[in-house]
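First, one chain by itself: the form predicted alone, in structure tokens.
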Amino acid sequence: MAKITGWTGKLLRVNLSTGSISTQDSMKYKDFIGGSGFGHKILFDEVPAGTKALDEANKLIIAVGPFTGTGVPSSGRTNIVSLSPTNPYHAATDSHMGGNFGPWMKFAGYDAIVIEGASKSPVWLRIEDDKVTIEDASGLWGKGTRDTSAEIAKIMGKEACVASIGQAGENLINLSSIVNSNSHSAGGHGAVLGSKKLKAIGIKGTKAVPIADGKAEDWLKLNDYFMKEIVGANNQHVVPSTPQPWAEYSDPGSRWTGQKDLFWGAAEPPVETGECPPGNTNWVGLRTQKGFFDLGPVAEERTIRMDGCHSCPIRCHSDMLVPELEKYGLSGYATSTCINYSSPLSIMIKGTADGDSKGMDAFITKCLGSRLADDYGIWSNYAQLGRDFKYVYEHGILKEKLPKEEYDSIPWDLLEKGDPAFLLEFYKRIALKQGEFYHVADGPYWLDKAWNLGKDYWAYKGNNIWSKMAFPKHHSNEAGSHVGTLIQIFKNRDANSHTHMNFIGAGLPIEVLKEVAGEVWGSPDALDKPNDYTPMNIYKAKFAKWSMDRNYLHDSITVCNYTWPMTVSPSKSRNYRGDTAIEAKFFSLATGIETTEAELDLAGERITTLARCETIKRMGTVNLRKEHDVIPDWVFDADPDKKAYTPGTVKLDRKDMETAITMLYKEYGWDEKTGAPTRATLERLGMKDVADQLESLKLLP
């Protein structure tokens, strides 16, 4: 038997109903690479149609790919697949977390952990290499994620990594998360673990993850090439945010915020981020001063350092000194990034006391809210939680639906004054499922069901809800016109795909980006100028397909889609061209299986198509074009005084968008009438068994 490298070759199964623990050969699923691919394959094969997210029959698959644990840059991601309680059809979603859990799982010897069944009483799972036990968690039930991690670390040692749910997951709140390493959270599946009474998984391992024999020198050369010539900053922004002597271009929207006189001000001694031109590997980690980007200029003096996931050079998590948190009973520190910082401010719908959205009050609000949300294990649903709260508060629905005693007990005066202490009540009432207030965290579809919000809610300007799948937009029509829109319609939660957005937002002039688009997708017309769109063309369909396939590929190999792919680079000497084949180069060296870019893209297409089949199985309909791939009216009705495809608007045309959908179906070889994969396509991708199961369910076109 050939030596397995990259992968561990082993999958762990834990059945909480029977208490059985077993392992199996993970290479059975090798065609699906790992991570998301493993998850969707196991779910499709083993979870019957009609199963709901919180049913005992549902399974939760935590998986990584052959990159994780090997040291590939930005490969510390962990992918989780399960049925989703927020989705109207309980369709499957992917949730993802950074931190250390995925690499630790590989070091313990597993490519995936499959959680099956449900315990009758609270338990946690203890994994130390080959020793796996189910432990009593009655003393942990009711604790937040931080205390849970600390208690398990006392038992396993501080080198253990713990992924846990907070009180929100225990109480089956739809918008709940799984959290590891304090602030790295996977949104949407916390309640699934809660339904199984699985409080946490503690894991540590002592095993290496080998790469292919004899490839160490090639590996070091490829890593050096990546670090010196290819990688940029967070979201693969490849130009600095400020003009710098070495840089031909700059863009104030870039996350490459490192610059002279900008410091990690709370470090001892303070560290200047400075200019970080390409070519020096030691400066890559200073490019992204994310505290400054996420929290505003006041954050500079509070930044202790930039933190991040295992094996990631970008460091996008900011560790902040916030002694003001002590008055709320917390330690004086916060660590997080992106939406987890901004979401709490969206809950403070009356603003902050000082009225400055980038001032010190906003800083404290963001840090306090991120700490509370992570500890309770509450998911913001890409900030939709704040928008839903705003709607039901401002439209008088809370006052109408909550019992008077409950409504009057909520400290609305704190909200009106902009006092961040309001967040203590907000998150607590949700996580502990107190009264009826927790419904604001049901997710849009179930919130509407609970309180009968009606058409006005769905059409409310600024609510950002995407169709009846009930998730918020996430880099949609405002990001690449048809491309962002097409990516949006195929998911069962917010698209969370940065493949196209990293390219569009890289910071390079549109002329350079269009040149690159022409080289990658066949024509510069694949990319429109911002707010100056053109009608659909086949190159946009190719761009959209490539973006979705790379997204699923990244979630399967596994690398961070907030950084990959490397479509462009910061190197002027390369004429800013990236290297879209670099995933295949690392894959070949990690696994020892010589693989081309085209072959790896085919694997991405296979996983995208499998996820599509999973959705068909859960929805029980073959006609996804009518029932799933729906675009909200606001995409077409925005800017009523402007016509689509005129400068200054991102609105699209209904008929043209139907053409766009048909073009994308053709690219995939899906049935144009229904949007369902055909038997011929499934067999071309090596999924005859998937076609057979769908046919048995009468779900083949």
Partner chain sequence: MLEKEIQGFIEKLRTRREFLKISGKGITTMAVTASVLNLLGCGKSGEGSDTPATVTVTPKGILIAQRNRCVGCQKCEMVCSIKNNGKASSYISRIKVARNYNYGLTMAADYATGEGDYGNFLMTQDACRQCKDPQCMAQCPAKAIAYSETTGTWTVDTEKCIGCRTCEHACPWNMPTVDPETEKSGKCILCGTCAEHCPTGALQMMPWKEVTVRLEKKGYKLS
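Positions refer to the first chain, counted from 1. Everything numeric in this text was worked out from a predicted model, so none of it was measured.
One more form of this protein should be noted, the form predicted in complex with the partner chain, which is absent from this view; the next part is about it.
Checking 634 to 642, 64 to 72, 661 to 669, 44 to 52 against the partner chain in the model of the complex, the stretch whose residues place heavy atoms within 4.5 Å of it is 64 to 72.
Proximity to the partner chain in the model of the complex, defined as a heavy atom within 4.5 Å, singles out one entry of Gly505, Pro535, Pro210, Pro88, which is Pro210. Among Pro270, Pro411, Gly359, Gly139, the residue placing a heavy atom within 4.5 Å of the partner chain in the model of the complex is Pro270.
For the three residues Phe32, Ser36 and Glu128, a heavy atom within 4.5 Å of the partner chain turns up in the model of the complex in no case. Interface membership of Ser573, defined by any non-hydrogen atom within 4.5 Å of the partner chain in the model of the complex, is ruled out. Heavy atoms of Arg305 reach within 4.5 Å of the partner chain in the model of the complex, making it an interface residue. The closest heavy atom approach of Gly578 to the partner chain in the model of the complex falls outside 4.5 Å.
A residue is said to contact a partner when one of its heavy atoms sits within 4.5 Å of a partner heavy atom; Lys461 fails this definition for the partner chain in the model of the complex, lying far away. Shown without its partner, the chain has Asn100, Trp104, Phe107 in segment 99 to 119 as residues with a non-hydrogen atom within 4.5 angstroms of the partner chain in the model of the complex.
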